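In structure tokens, one chain follows: the form predicted on its own.
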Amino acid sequence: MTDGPPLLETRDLVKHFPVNRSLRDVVRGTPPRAVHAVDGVSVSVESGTTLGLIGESGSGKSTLGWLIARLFAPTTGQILFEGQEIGGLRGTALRAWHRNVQMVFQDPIGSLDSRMRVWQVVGEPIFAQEGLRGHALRERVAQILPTVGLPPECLYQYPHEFSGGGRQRISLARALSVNPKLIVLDEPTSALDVAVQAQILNRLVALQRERGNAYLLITHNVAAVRYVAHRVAVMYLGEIVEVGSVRDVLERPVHPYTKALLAAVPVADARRRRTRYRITGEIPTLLQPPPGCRFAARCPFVIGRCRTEAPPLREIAGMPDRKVSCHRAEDVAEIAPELLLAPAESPPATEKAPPSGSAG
């Protein structure tokens, strides 16, 4: 931790996507509705560190990443970079700021222009920021490619000539081309096989040590978060429900949703296999989020207060550097070992259904 402000900080960040009203809605006077994709999220990323962001599909992880990269404008809330508010940046000022924050998208095929050669794809941010072109631009790109494990000889190839891992390396080279301080990684290994995933993750760790980049790693892969990240935030239906160090959160989860998410991760050793306790109920709609805790309809520990009063993201006594959004956090934390771990002598007799949406 540094004494100054974090590299990146969001404060009560909100993004609502308005839903188009039909003629029937207009005639009936139905009020406008919106999808509450991100609702009051506050996170921070320190320089040279990695924050992992995990949660089910549809929890708002990618939307939050796009907001931080300023590919979406927030509905309300603040985004601070090195202590400075960047929400009001527009035009030339916003383009200059993008040098500090770059993004690697989930689908390298869709994010790479198939009509452009490698030197053009990787060099595009350099041209936009510095105006470099021609031979000088190709030389700069040739120096960048080896840092992500690609030979300079592939300058004139097209993205479709590479494997999935090669295309993702091109995406990473493009993100690194202007030496950003923060890279948003949106599912960077989801389309790759296990061996290539390991290569990409090793490369990310090595680059962070060499360059001091910070990462926001958005992923379903808990193993990747455990290996790459320093801190982890768990997101559910547009809200952060738990945040803390990777070791603490993954080894001793407190929020009931975090417990369910981690219990769904396959464990090879039967002696350490987690009990997949049943979560019932329907996932609430983001068009009309329910009052109180958004996980209340599915939570096995729910009480009446949960259905009416939204729990704040608060610190837990006896757990430094841990915040949890749960009214019963202290109680649930105490009963975690009995619920999550099967006896070492034998695996559980019955296998209960995991929550919808696997964590890995």
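Note that residue numbering begins at 1 and tracks the sequence as displayed. Keep in mind it's a predicted model, so treat the numbers as computed, not measured.
Only in words, not in the display: the form predicted together with a small molecule, which the text now covers.
Stretch-level contact analysis of 316 to 324, 25 to 33, 55 to 63, 303 to 311 against the small molecule in the model of the complex, using heavy atoms and a 4.5 Å limit, identifies 55 to 63. Checking F72, F127, F162, Y227 against the small molecule in the model of the complex, a heavy atom within 4.5 Å turns up for just one residue: F72. In summary, among the residues L286, L89, V246, L155, the only one with a non-hydrogen atom within 4.5 Å of the small molecule in the model of the complex is L286. By the criterion of a heavy atom within 4.5 Å, A37 is counted among the residues contacting the small molecule in the model of the complex.
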